[in-house]
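In the block that follows, a single chain appears as structure tokens, in the form predicted alone.
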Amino acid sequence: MEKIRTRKLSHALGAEILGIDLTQPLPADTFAQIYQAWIDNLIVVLPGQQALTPQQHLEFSRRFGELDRNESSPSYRMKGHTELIELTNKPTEEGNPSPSRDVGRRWHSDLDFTLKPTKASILWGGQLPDVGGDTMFANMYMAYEALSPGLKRTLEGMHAVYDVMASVRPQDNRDPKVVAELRELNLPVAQPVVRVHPESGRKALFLSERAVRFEDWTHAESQPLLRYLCEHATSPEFVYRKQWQAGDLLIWDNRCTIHQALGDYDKRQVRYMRRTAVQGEPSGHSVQA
């Protein structure tokens, strides 16, 4: 068995896997090594996938598990592919602003506002601005492990309430119809603040800026601790900043990372990404808004 070649991307998390061409058949033993590298490093990047078609993207993604059909955000779907979404600032075919042009600006884990948060997200960089358009990732194992014993005990058994509307900022100028659709499709849920990763067995902080309060706590009581935990989790020593190259395919584990898409680029230039999401384990419960 030929061993894959990897290169660490940062101390906190991330590895690049070299020499893989996903337009060609991928042997089972090679995929098994990619999968293990992903579990070990939390995110992996496969560069040089410029020729990857939507169908090949889907076929590779399905090897990680069942794909989400993006029912929580149907307006982002790629035409003809319900399991793919387009994250871009390119106008629609009708000449309207892209509904996904400003998504992901807050730290989050994909679909953390649903009862089935994402296992793996697999994002392909197709067209990029000259500079910027970076994505930041934080290691939530490290964030949890760096907490004091007392705070760890406090957080055990706690749940945080997520509301997709917390990610809708006035400055994003989203289409009111899209905002109304998001609210109708996604009611608030409560997720455990500490989760045990089902494959590594490690505990991770499971919290993001989409959390609006702790269950059975008021908003006022919740805000200081929520703010502290989010700032702690995104400390520089826990973070990797991805500077994209065209053709990069990046896979991250939403069960032990959070991420943020940065708007640090000239909006007159095109940023076009394509993403699949692998369904994760059921988690959390519904709550009242």
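Quick caveat, the model's predicted, so the values are computed rather than measured. Sequential numbering from 1, following the sequence displayed.
Beyond the structure shown, there is the form predicted together with succinic acid (SIN), which is absent from this document and is the topic of what follows.
When you look in the predicted complex, the only residue of 84, 87, 211, 120 with a non-hydrogen atom within 4.5 Å of succinic acid (SIN) is 87. Of the listed positions (188, 104, 129, 74), a single one reaches within 4.5 angstroms of succinic acid (SIN) by any non-hydrogen atom in the predicted complex, namely 104. Contact between residue 135 and succinic acid (SIN) in the predicted complex is found at the 4.5 Å heavy atom cutoff.
Looking at residue 195, you'd find every heavy atom of it more than 4.5 angstroms from succinic acid (SIN) in the predicted complex.
A residue is said to contact a partner when one of its heavy atoms sits within 4.5 Å of a partner heavy atom; residue 112 fails this definition for succinic acid (SIN) in the predicted complex, lying far away. In the predicted complex, succinic acid (SIN) sits within 4.5 Å of a heavy atom belonging to residue 259.
Contact check for 108, 252 and 275: all three have a heavy atom within 4.5 Å of succinic acid (SIN) in the predicted complex. Heavy atoms within 4.5 Å of succinic acid (SIN) in the predicted complex map, among the stretches 50 to 58, 227 to 235, 259 to 267, 25 to 33, onto 259 to 267 alone.
In this stretch, 44 to 72, not one residue has a heavy atom within 4.5 Å of succinic acid (SIN) in the predicted complex; the partner itself is omitted from this view.
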